[in-house]
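First, one chain by itself in structure tokens, the form predicted on its own.
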């Protein structure tokens, strides 16, 4: 049990943060922000898995081969990041500890209490629906048969290629994490991910709060407390975004709604359109490509969101540069879309 907890913290918290620290060295203002590094690291984990999973599926490689390749790649990227940042860790710790000391204590304690409560509920109770047949069944079958998209959700061989799901193999990410930490995919999905991705989602929302309130920590933490209350009491429908996070965090479309789409808003609010924003367009490119892992909706929905924002910014600033910078960010999803139409 202790070993499992350590591995979960390592692979879903520490390793993403270490990987992200190298990437944000190129950032303008957040080059020592551990929260930004954490989100970027999670996106890199998703991106590397997506890049590997698609060719491995078409080449009929085994699940074990995919798991080993991803683990090796992430380990190499983490080691490289540690080596390149070895002289900066002291300064990074100093900056982030200083930010923690400046947090409003009462509001921070209230928010952390609400966060722990939500994490406990997600860990202790289980929400089930028909999507288990995709996100959990596929993960279990991949692990037990050591295959990729050979068997359908009830264990029979596919009669035709599953084009709808093949470009968004998030269940295999679930299976990979379950193998690494030593738990069954169903346990990983229903107990580990609800806690881990709750932290990721609230980290994104904290970043959005800093952008909305110009880094006023008191207003940001008040925003986080109110947001937590909305998530706890916001189940007006089984389709509500609040339920997606607290009850269905193991589904890729939940991560799309609660992590990817809000993070895109953050990038546009805080950075895109400013001078020397090239790194953040690269980060948007990474975000859109990483999103493809999560759900078939992730291939087009983030692009629709970005298109709306790009048009608004273009009209506001009367500058076509947004469109020219945005088009390359869409290329991976466009390629997947074309491949889908070809093999459908």
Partner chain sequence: MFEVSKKTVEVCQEAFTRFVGTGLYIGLFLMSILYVISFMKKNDRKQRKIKIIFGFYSIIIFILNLCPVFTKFITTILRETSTYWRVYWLLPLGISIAFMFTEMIDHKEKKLEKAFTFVLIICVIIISGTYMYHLDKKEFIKVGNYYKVPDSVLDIIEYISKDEGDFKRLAGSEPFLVYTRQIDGNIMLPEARDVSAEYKDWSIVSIIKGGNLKDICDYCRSNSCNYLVLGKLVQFPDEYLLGYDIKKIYENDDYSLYKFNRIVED
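Just so it is clear, the model here is predicted, and its values are computed rather than measured. Residue numbers count along the first chain shown, from 1.
The same protein also exists as the form predicted together with its partner chain; that form is not shown, yet it is the one meant from here on.
Taken together, the three residues 32, 148 and 159 all stay farther than 4.5 Å from its partner chain in the model of the complex, as judged by their closest heavy atom.
For the residues 182, 113, 98, 155, the 4.5 Å heavy atom test against its partner chain in the model of the complex is passed only by 155. Proximity to its partner chain in the model of the complex, taken as a non-hydrogen atom within 4.5 angstroms, holds for one residue of 88, 108, 118, 203, which is 118. In the model of the complex, its partner chain sits beyond 4.5 Å of every heavy atom of residue 52.
Contact check for residue 257: a non-hydrogen atom falls within 4.5 Å of its partner chain in the model of the complex. Contact check for residue 2: no non-hydrogen atom falls within 4.5 Å of its partner chain in the model of the complex. Using a 4.5 angstroms limit between non-hydrogen atoms, residue 104 is distant from its partner chain in the model of the complex. Only one segment in the set 258-266, 167-175, 76-84, 90-98 has residues whose heavy atoms sit within 4.5 Å of its partner chain in the model of the complex; it is 258-266. Contact annotation for 196-228: residues with any non-hydrogen atom within 4.5 angstroms of its partner chain in the model of the complex are 205, 208, 211, 212, 213, 214, 219, 222, 223, 225, 226, 227, listed in sequence order.
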